[in-house]
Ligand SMILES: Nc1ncnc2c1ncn2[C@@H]1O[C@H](COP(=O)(O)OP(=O)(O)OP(=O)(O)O)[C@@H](O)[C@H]1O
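Given as structure tokens, the chain that follows is alone and in the form predicted on its own.
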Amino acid sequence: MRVAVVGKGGSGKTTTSAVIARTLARRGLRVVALDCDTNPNLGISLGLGDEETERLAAMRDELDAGDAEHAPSWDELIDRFGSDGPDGVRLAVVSRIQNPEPG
């Protein structure tokens, strides 16, 4: 299952995403949350804290600036650029996924 939360600024997308992610994870599902926002705060809403959320955002900025190498696969992206949050939610802060693998 894939779930995307979209809407205008200030409509509660981050809060809604965090509630959905943690609820599904608590039910035993494997959950990977991707924060694609230009001002990424999903890590804070998931309970990762300010420092870890900033660290993930900084890694994304390094990739965007060309100072780090992109991951060649989905699994490596999550392993290298993700962080484990409460309830087993895995979070990555991304700007885009190039050449996504089907499935």
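Treat the numbers as computed from the prediction; the structure is a model and nothing was measured. In this text, residue numbers run from 1 along the sequence as written.
Although it is not shown, the form predicted together with the named molecule is what the next lines describe.
> Thr23: heavy atom within 4.5 Å of the named molecule in the predicted complex?
Thr23: no, not in contact with the named molecule in the predicted complex.
> Please tell me whether any heavy atom belonging to Thr15 falls inside 4.5 Å of a heavy atom of the named molecule, as the geometry stands in the predicted complex.
Flag for Thr15 set to yes.
> Just to confirm, Arg2 within 4.5 Å of the named molecule in the predicted complex by heavy atoms?
Taking the distances in the predicted complex, the answer for Arg2 is no, it never comes within 4.5 Å of the named molecule.
> Would Ser95 show up as a contact with the named molecule in the predicted complex if we use heavy atoms at 4.5 Å?
No.
> Exactly one of Asp61, Asp75, Asp37, Glu54 has a non-hydrogen atom within 4.5 Å of the named molecule in the predicted complex; which residue is it?
Looking at Asp61, Asp75, Asp37, Glu54 one by one, just Asp37 meets the 4.5 Å heavy-atom criterion.
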